[in-house]
Ligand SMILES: Nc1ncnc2c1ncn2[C@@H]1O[C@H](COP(=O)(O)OP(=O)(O)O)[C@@H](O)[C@H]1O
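Next comes just one chain, in structure tokens: the form predicted on its own.
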Amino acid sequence: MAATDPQNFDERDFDEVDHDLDEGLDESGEHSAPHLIGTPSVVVDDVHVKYRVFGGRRQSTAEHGRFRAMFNRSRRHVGAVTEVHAVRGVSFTAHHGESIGIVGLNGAGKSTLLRAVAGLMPVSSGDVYVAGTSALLGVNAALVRSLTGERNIMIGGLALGLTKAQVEEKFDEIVEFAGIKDFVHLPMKAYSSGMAARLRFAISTAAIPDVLMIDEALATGDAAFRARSQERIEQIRDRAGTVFLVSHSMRAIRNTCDRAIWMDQGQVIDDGPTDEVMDRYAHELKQRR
């Protein structure tokens, strides 16, 4: 297995390791029923993603003197480029009706991979094929903070391909699902991070896509909202959709997904049935801990 720098550890990776034997069970104490798997919906073939970070380390005035530092101020960052190889030769095939969890420590390339599959980040080499419509939902996805929740619902719905009449028809359902009530008439900048995340999830799933990609969105919200989110994901799967979930929560992955992909330093370490992969992942985290 590829080694991981300890600085990439996240406490959330360890929060549930000690309870990993229970996490595959729902409230009744049984695993969720398996879903029928259909034809391929996403094909990722030997994908590499590289991007560049510009800006160098500032030189101290102690080294070169106050006058020289002031004279060269505009040149401190010129020419400094760092290349990040975030995804390294990843290949897999997802099918209609599958729910796939992607796990790994910080810096493993999970979110970058999702953005590449969603078409939001170009691949350096390799190919990505997606059948149907796709939607990427992340807790950092942009909403217009200066506009009201009502306006964001309309803009988001139109961006998903819904008509104005369809958005108006789904408006009350979106507000109820997000649990924001009268806050819908206030600017988004007045919302808490949890309220914004719930509204973002409700908007993104108003028009059920063929491929839904969720980046940590289920980590936000109370138990009632997580239950509603789980139910919405089940609806997508029942309609032969494909769901990708990136999360540090082992419980969320076990309860939501029937397949898991473990990534480390941009590479796939393991890919298979959720319980098997998560057991190996939990064991590895314990070893590194």
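In case it trips you up, residue 1 is the first one in the sequence shown, and so on. These numbers come from a predicted model, not from an experiment.
Heads up, the form predicted together with the named molecule isn't pictured, but that's what we're talking about next.
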Heavy atoms, 4.5 Å, the named molecule in the predicted complex: which of 167 to 175, 126 to 134, 99 to 107, 185 to 193 makes the cut? Say which one.
99 to 107
Closest heavy atom of A224 to the named molecule in the predicted complex, within 4.5 Å or not?
no
Examine L158 and determine whether its closest non-hydrogen atom to the named molecule in the predicted complex is within 4.5 angstroms.
no
My question is simply whether S111 lines the interface with the named molecule in the predicted complex - judged by any non-hydrogen atom within 4.5 Å.
yes
Is the gap between I180 and the named molecule in the predicted complex 4.5 Å or less for some heavy atom pair?
no
Selected contact from M154, V211, A86, A206, since only one has a non-hydrogen atom within 4.5 angstroms of the named molecule in the predicted complex
A86
